[in-house]
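Taking the form predicted alone, here's one chain by itself in structure tokens.
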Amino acid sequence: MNIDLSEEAAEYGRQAVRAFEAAGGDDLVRQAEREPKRRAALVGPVLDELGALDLDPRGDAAELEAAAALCRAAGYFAVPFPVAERLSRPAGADGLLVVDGARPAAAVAGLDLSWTAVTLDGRRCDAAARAPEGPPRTSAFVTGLDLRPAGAGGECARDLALGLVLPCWTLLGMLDRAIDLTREHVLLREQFGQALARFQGVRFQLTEAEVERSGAEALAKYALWSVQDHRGEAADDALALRLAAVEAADVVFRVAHQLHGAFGFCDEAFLSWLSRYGQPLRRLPLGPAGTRDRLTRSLGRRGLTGPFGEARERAAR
């Protein structure tokens, strides 16, 4: 079992970072918030340049890795477009959304696209986005969805696994950036005549955040391999990854905001934008408590395999 991304996929991710940076980088999300109707126009040309929508993550293992690397690059800049959801699309739809059947919602406001949704209990639906109830500043493009049953289908389990894993790679890119921004901040900011990075307490906090981020990265690679390998446990592995990723995000953003202080909540700090536009990934389809409950009910008494199970056993000891 080799869970590391191929060099080709890693290079594709680096090219994606450069492409998003050349297209505006951090300004992409700022422009989209000012002009919500243009967000597809802001990101679409970059995806076309990268050949993103020609990738077949469902049918080719190498292209699934490339899709994951692209999602991570999009997360690094908080790209204001559902890249992961577009890449995981099934045949006959423009994108795939994993939703809570009781309160379906997604960050797809204002996009003229057709969506397939899969609920956490494995029901496939056609989804239509409602008109947004608030501006992007307060909604982060999240809007409610109207669902219409589309039959169970034979791909629901794979839909669920893929639709959970790729957005976690987007969130991972956000955690990468939050760590980078915080490291840069504590190296430059001085207090009592020395850089913040020289204080032992600051180093401990950064180490805690990096341990969480690197742990989520390892589990993201394993869950991606599980999907590639068509494992029967892939959906459970994806749920476990989601739980680990949102818990890591809570730690990373807590530390990042603490070390940035009030400045981290200002528009001048890109951390503020990352934190705000990362909320849909962290809260939908369910937050940490709901995801943990869903995973527990899905597993029953079976337990997890692979590094997920090993981590659970270490915690129990």
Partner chain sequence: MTGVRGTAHDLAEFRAEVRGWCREHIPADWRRAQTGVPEEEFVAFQKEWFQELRRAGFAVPHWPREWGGGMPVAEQIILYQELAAHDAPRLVLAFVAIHHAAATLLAAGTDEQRRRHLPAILDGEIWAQGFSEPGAGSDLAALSTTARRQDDGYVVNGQKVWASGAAHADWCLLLARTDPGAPKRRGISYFLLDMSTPGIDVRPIRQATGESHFCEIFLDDVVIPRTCLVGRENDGWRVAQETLGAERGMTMLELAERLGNAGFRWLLETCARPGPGGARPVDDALVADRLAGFETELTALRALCRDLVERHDAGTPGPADASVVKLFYSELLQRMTGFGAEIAGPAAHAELRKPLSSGWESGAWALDFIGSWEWTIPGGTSEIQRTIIGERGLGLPREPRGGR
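None of these values were measured; they are calculated from a predicted model. Numbering follows the first chain given and starts at 1.
Below: the form predicted together with the partner chain, not depicted.
J.: Should residue 287 be classed as touching the partner chain in the model of the complex when contacts are defined as heavy atoms within 4.5 Å?
T.: Residue 287: contacts the partner chain in the model of the complex.
J.: Spell out, yes or no, whether the shortest heavy atom distance between residue 54 and the partner chain in the model of the complex is within 4.5 Å.
T.: Because no heavy atom of residue 54 falls inside 4.5 Å of the partner chain in the model of the complex, the answer is no.
J.: Even though the partner isn't displayed, in the model of the complex is residue 65 close enough to the partner chain, meaning a heavy atom within 4.5 Å?
T.: Residue 65: no contact with the partner chain in the model of the complex.
J.: Does at least one non-hydrogen atom of residue 262 fall within 4.5 angstroms of the partner chain in the model of the complex?
T.: Residue 262 belongs to the contact set for the partner chain.
J.: In the model of the complex, which of the stretches 157-165, 96-104, 212-220, 79-87 has residues with heavy atoms within 4.5 Å of the partner chain?
T.: Result for this chain: 96-104.
J.: Of the options 130, 231, 183, 189, which one has a non-hydrogen atom that comes within 4.5 Å of the partner chain in the model of the complex?
T.: In short, 189.
J.: Decide yes or no: are 134, 254 and 282 jointly within 4.5 Å of the partner chain in the model of the complex, with each residue judged by its heavy atoms?
T.: Every listed residue reaches the partner chain in the model of the complex, so yes.
J.: Can you tell me which residues in 262-281 come within 4.5 angstroms of the partner chain in the model of the complex, by heavy atoms?
T.: Counting only heavy atoms within 4.5 Å of the partner chain in the model of the complex, the contacting residues of 262-281 are 262, 263, 265, 266, 267, 272, 275, 276, 279.
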